[in-house]
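Two separate entries follow, structure 1 and structure 2, each one form of the same protein chain as structure tokens.
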Structure 1
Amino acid sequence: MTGMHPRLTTTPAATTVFTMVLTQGPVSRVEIARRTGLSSAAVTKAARPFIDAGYLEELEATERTGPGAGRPASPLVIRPDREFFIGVKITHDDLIGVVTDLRARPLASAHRPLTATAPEGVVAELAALVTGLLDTDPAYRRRCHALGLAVSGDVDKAGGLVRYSPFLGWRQVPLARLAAQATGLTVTIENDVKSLTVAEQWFGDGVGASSFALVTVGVGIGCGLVVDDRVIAGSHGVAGEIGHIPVGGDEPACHCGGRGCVEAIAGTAPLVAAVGAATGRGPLSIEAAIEAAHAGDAAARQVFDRAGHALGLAMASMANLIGPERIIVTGDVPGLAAYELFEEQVNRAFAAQAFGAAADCRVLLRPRTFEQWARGAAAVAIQTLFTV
């Protein structure tokens, strides 16, 4: 993380208390103490820096701390406009940016096309996008200090480095430093799927689940994991790479250098190429491939069935290893349209391969726009408030 952001100096207890109010508030100190195991005095001490800095406020007393006695409790609530955040999703041909409040609610959005993917050019376009978003409202300029960037591929969040992004053609790009220099903001970078996972954990379908998985279907096949309330990155930052579980034997070859990866079977480009080859139609768009399958073309359907089987096996492997309470499946619109074609095969392979109670895991289909992916980047930026 790089930049000039006036971070709060917090303790683990303060982070716990603030996160609970942020994601589940309004909530009283008594209830926070009950849920977290902290003492009431510890909760009061933990909340004080956030109250003093204007991030939290107390509502008027609305409940009593005990049946028939005790003082009325004053719930704590977030002041969402105390600070604003920018999140940007970087694709190979577009920048999608949002301004959010503390609850990661999008307040303004903007798109900026990319004509090339060289890092210097992307950063220049990023700076222009950020300037435009900040100029939307004078309050954003005064109270926005943090920028979150979501990038596909192998991202070193702590080092601010994009180690490998196949769709951008990047290797070892110090994106956080470059973006901080260009924008003057504190910059946090994260893998795009993990960013979306943070948003789901705090503000979406993951709220209330201590363990869940987010699977994304589209250009790539990604997976974010939350275990015991923590997003899992692994020692090298690549935990959850479900797209590179080998389920296809020795074929086909994958861009990662491996063979038989889920992404090489169910990712948009290989899926479309396989439909074109199987039907003899040559190069197709994803929309044309989906249309062929919907029209009953047996060869096209077979390709989609294979993709669904591969994804179902990978999801079952993940469920067997992690044991999530739920799996949220999302992606871009064409990707999810394809998913609906092979959903039956996904469910069949998952049920056959999931072990024991892992087969009871709920699978939720949730479309997400690119603005919501950018919101995920903003959610990661919001975490910069808690750096101990």
Structure 2
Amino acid sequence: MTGMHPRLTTTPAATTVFTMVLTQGPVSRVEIARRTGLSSAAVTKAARPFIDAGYLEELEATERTGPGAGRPASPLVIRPDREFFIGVKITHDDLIGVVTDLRARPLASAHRPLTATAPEGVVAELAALVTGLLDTDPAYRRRCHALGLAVSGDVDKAGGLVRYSPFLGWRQVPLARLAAQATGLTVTIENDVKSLTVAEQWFGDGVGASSFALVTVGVGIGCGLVVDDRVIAGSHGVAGEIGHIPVGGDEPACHCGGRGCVEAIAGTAPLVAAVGAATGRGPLSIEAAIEAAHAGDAAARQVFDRAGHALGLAMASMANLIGPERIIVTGDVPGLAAYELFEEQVNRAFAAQAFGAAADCRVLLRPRTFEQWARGAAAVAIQTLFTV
């Protein structure tokens, strides 16, 4: 996190209490104490600064008359418009930005095309995008201090550095500092798949699961992993590289230098190339490849079946190692259209290769728009602000 922002969250108890109200509220102090193991006094002490600063408020005591009724509870609830956040997903050809409230609910959005990817130019466009978003409501300018940025590639969140982003052609770009200077906001940057994972963890289909996986299907095959309530970062900056599990045997060669990687089979480019070769139609678009399979072309279908089989094996490998409670599958538009074609093969291979009870892991297909990826960047900014 770069820039100035008041910090309310300075203890693990404060993180625990605020997070519980934010992601699961309204919830009473008694219930928070019960779920966290903290004492009632500790819960009250932890909540106090958030109430004083207007982030939390007490609902009026409700008389409980049902079974298990005790003394009246005064549930704590978030004041979602106490602060606003901006999240931006940076792709190689555009910026997608959203303003969200404290619950990462998108309130406004904006796009801005990029004609070049040099960091200075991108940051200038970003500043213009942010200005436009803040100008949509005077309250945003008054109560928005934090900006989250989501970028594909190897991102050093703590250092505010994009180490390597192939699509943008960036190496060692101090993006957090540049963006903070250009916008005057506190800036948090994170890998885009990890950002979407954080949004699912706190505000989406990951809520209530201490371990889950997000798998993204498209140009690449990505994966965000939450284990014991924490997004795995990897000791060497590498984690979640499900796309490079070699389930394909010796073929095909992958751009990573490995062989048989699931991304080299089920990623958009190799999938399209394989359909073109198998059908004898040569180079074609992903839409045309999907169309051919839908039309019943046996050779095209076989290519999609193989991709689904490979992805199912990779997902089973991941489940065997980590044991996620659920797997959320999403991706870009052609990626999801392809997934729908090979979903049955994915499920079949997953069930066959999952070890014992790992097969109980639920697989959920969830379309996510680019605005939702931008919301992920805002979720990272929120999580960073309220976590010790």
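Quick caveat, the model's predicted, so the values are computed rather than measured. C-alpha atoms forming the largest set that superposes within 1.5 Å between two forms make up the rigid core. Numbers given to residues start at 1 and step along the sequence of structure 1.
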**Q.** Between structure 1 and structure 2, the form predicted together with a further copy of the same chain
**A.** 2
Q | Post core alignment: A124 C-alpha displaced by 2 Å or more between the two structures | A | no
Q.
Checking A278 here: with the core superposed, does its CA move 2 Å or more between the two structures?
A. yes
Q: Let me know the CA shift of P246 between the two structures in Å, rounded to one decimal, core fitted.
A: 2.5
